[in-house]
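First, one chain by itself in structure tokens, the form predicted alone.
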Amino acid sequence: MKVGVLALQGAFREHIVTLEALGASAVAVRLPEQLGDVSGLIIPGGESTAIGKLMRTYGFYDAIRQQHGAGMAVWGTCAGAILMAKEVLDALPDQEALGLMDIAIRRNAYGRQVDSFEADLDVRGVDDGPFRGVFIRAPWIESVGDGTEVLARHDGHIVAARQGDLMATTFHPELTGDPRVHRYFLDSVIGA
């Protein structure tokens, strides 16, 4: 199984290392043409406005939408989750989202960089105890549409959700050394 990680900005290397540790073939995706060769795509955390501008420059918006329509699973972490949403609350005026996932998400919901934190999470579908979530200038998911399953909450806020072959986490699983959420994406979302 080959999984792409959008490698324009953000924590893409850590995702690649985790995927390879699980036995998946991982590729850093820098051009839209590379999307035709992958079963799934991870849009990493970073700065959602910076990633969005680079996606626009390189022509990724239409390419990701088309490949998803052809069966490519997509997972967004933190900034990537913002980019996947149908509605971005507190978006900048020119900020574009992919509109793939039926979620409304709030940027920087927990505050600024100094308000970053870690917390144990019970993630549906992830066994063997709590998962340590790393939240860095994190968003939260305000609401989900019909057919979108809530996978985890923190302090009453949705921090992970799934809609068929789409997944969003507002935390950074790639920074923990714990591969269980990546395994869930490989087994349950791509394999769905």
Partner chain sequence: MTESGSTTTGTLRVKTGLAEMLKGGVIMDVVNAEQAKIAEDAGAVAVMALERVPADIRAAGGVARMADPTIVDEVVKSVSIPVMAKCRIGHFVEAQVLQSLGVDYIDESEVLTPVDEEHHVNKWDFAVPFVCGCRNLGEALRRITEGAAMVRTKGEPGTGNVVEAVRHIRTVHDEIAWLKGLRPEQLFTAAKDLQAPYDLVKWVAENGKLPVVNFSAGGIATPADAALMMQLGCDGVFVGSGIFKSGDPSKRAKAIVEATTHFEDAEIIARVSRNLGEAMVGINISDIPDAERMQERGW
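All values derive from a computational prediction rather than experimental measurement. Numbering follows the first chain given and starts at 1.
As for the form predicted in complex with its partner chain, it is not shown, yet the points below apply to it.
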- Option from 160-168, 61-69, 145-153, 28-36 whose residues, in the predicted bound form, bring a heavy atom within 4.5 Å of its partner chain: 28-36
- Judged by heavy atoms and a 4.5 Å cut-off, are Glu14, Lys53 and Val134 together in contact with its partner chain in the predicted bound form? yes
- Message: Is it the case that Arg106, even though its partner is missing from this view, gets within 4.5 Å of its partner chain in the predicted bound form, heavy atoms only?
- Response: no
- Using the partner position in the predicted bound form, report whether Asp115 sits within 4.5 Å of its partner chain, counting heavy atoms only. yes
- Message: Although the partner isn't part of this model, could you tell me whether Ala7 comes within 4.5 Å of its partner chain in the predicted bound form, counting any heavy atom of the residue?
- Response: yes
- Message: Is it the case that Gly46, even though its partner is missing from this view, gets within 4.5 Å of its partner chain in the predicted bound form, heavy atoms only?
- Response: yes
- Note on the structure: Taking its partner chain in the predicted bound form and a 4.5 Å non-hydrogen atom cutoff, the residues of 169-183 making contact are His172, Glu174, Leu175, Thr176
